[in-house]
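Have a look below at one chain only, the form predicted on its own, in structure tokens format.
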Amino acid sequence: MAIHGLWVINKAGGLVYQRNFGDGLPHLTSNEYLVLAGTLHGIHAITSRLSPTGSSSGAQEICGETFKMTILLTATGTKFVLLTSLAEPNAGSVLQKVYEAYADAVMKNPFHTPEMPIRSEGFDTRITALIGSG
């Protein structure tokens, strides 16, 4: 059970925060992360429209052969994505705590511009305490 990475994607599909934990993920360039975040944003939008039973908030979990992506969509359209091992049972609760840290350390910061990259030492510190170093 391991947490490999955390992404925060703004409502326009831009990657505003990305952090890896440990060596479980391949090393990608900043541009590759931006492309992946935009692609996930598009997939999420498609899945929100495909529900046969009415409205849907989109994909909440995407599983691969060796990893899982858990997605938390907020009321403002910001997406929090946690990349974990398949056996990680607490991804949803970890994402909720990440969202709380974001609300406290980023959104309450008068110097942060919404929808822009997150550059907050307080947020980084809370993520390290919550997940570990990366």
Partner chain sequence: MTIYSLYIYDRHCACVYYQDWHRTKGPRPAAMEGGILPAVSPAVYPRHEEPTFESASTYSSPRNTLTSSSGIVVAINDDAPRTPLPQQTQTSTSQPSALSSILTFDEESKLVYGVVLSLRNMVKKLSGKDEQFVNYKTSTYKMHLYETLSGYKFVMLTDPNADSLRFVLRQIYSGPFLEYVVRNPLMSMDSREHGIDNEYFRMSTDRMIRGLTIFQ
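None of the values given here were measured: they were computed from a predicted structure. Numbering follows the first chain given and starts at 1.
There is another form of the same protein, the form predicted in complex with the partner chain; it is not shown, and what comes next is about it.
The putative spot formed by 54, 58 and 63 is fully lined by the partner chain in the model of the complex; each residue has a non-hydrogen atom within 4.5 angstroms of it. Although the partner is absent here, residue 25 is a contact residue: one of its heavy atoms lies within 4.5 angstroms of the partner chain in the model of the complex. Contact check for residue 67: a heavy atom falls within 4.5 Å of the partner chain in the model of the complex. The partner chain is not shown here, but in the model of the complex it comes within 4.5 Å of a heavy atom of residue 39.
The shortest heavy atom separation between residue 78 and the partner chain in the model of the complex exceeds 4.5 Å. Contacts between 107-132 and the partner chain, taken as any heavy atom within 4.5 Å in the model of the complex, involve no residue at all.
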